[in-house]
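Below, in structure tokens: the form predicted on its own, a single chain.
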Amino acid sequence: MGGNTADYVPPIGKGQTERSHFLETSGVVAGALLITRQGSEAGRMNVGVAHSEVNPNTRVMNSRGIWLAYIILVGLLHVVLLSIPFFSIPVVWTLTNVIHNLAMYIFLHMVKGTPFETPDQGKARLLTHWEQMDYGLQFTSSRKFLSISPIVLYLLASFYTKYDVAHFLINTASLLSVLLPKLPQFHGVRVFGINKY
């Protein structure tokens, strides 16, 4: 440090943040200090890195506009089903509910791993998307949204089917199939060994 300007790191003042990143190679730990200055465009650039998450599955449902896109897709599914001339309104609502819940079950509770190459040493390989979301924290806003949306769809389907017994039983079974795996008591649990590997 003896007066060499290359060793000088300016003090961190108000409006600046500090992050230390360590790279470990062959037993040697090299530290790098990144200083980001607010208000400076060059200071905020993250050059050479696609994203800052180790596993992007953990934050995808917190992305900007994803909830709106989700609602629009469910609405679009409903409109497409309504456009089929030989389906009655109760059948369309039940199909919307069942297709939505089936897709939710497959993508959130059945498919494991991540589509990205992650440096987590295979930790996400055995976890479903629901278990990876928000790093496993329960009752976050994304988890609440994804738990409430099938309930709202179930209530709408029940109302528009006029609580017909056959539709009611189908919609209830469909709701329970996506609501039970979301409970904190079932986090990481594989019932009867299904989807264990």
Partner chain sequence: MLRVPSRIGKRTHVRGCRRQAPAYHLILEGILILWIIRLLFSKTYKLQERSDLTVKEELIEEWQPEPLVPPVPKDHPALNYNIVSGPPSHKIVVNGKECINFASFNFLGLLDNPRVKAAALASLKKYGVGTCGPRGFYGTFDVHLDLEDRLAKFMKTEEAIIYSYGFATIASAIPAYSKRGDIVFVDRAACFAIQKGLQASRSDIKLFKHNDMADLERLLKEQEIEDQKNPRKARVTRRFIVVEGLYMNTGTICPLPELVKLKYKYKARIFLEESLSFGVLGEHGRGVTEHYGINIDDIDLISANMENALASIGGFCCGRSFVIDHQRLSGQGYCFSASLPPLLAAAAIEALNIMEENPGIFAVLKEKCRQIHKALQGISGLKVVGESFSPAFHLQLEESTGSREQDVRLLQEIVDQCMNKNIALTQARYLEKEEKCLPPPSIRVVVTVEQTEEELVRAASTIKEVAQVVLL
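Computed from a prediction, not measured in an experiment: that's the story for all the values here. Positions refer to the first chain, counted from 1.
This protein has a second form, the form predicted in complex with the partner chain, left out of what is shown; the following refers to that one.
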Any chance N55 has a heavy atom within 4.5 Å of the partner chain in the model of the complex? no
With a cut-off of 4.5 Å between heavy atoms, is L137 one of the residues that contacts the partner chain in the model of the complex? yes
Taking heavy atoms only, is L82 within 4.5 angstroms of the partner chain in the model of the complex? yes
Might G122 be said to contact the partner chain in the model of the complex, defining contact as any heavy atom within 4.5 Å? yes
Are all three residues T172, P184 and N195 in contact with the partner chain in the model of the complex, where contact means a non-hydrogen atom within 4.5 Å? yes
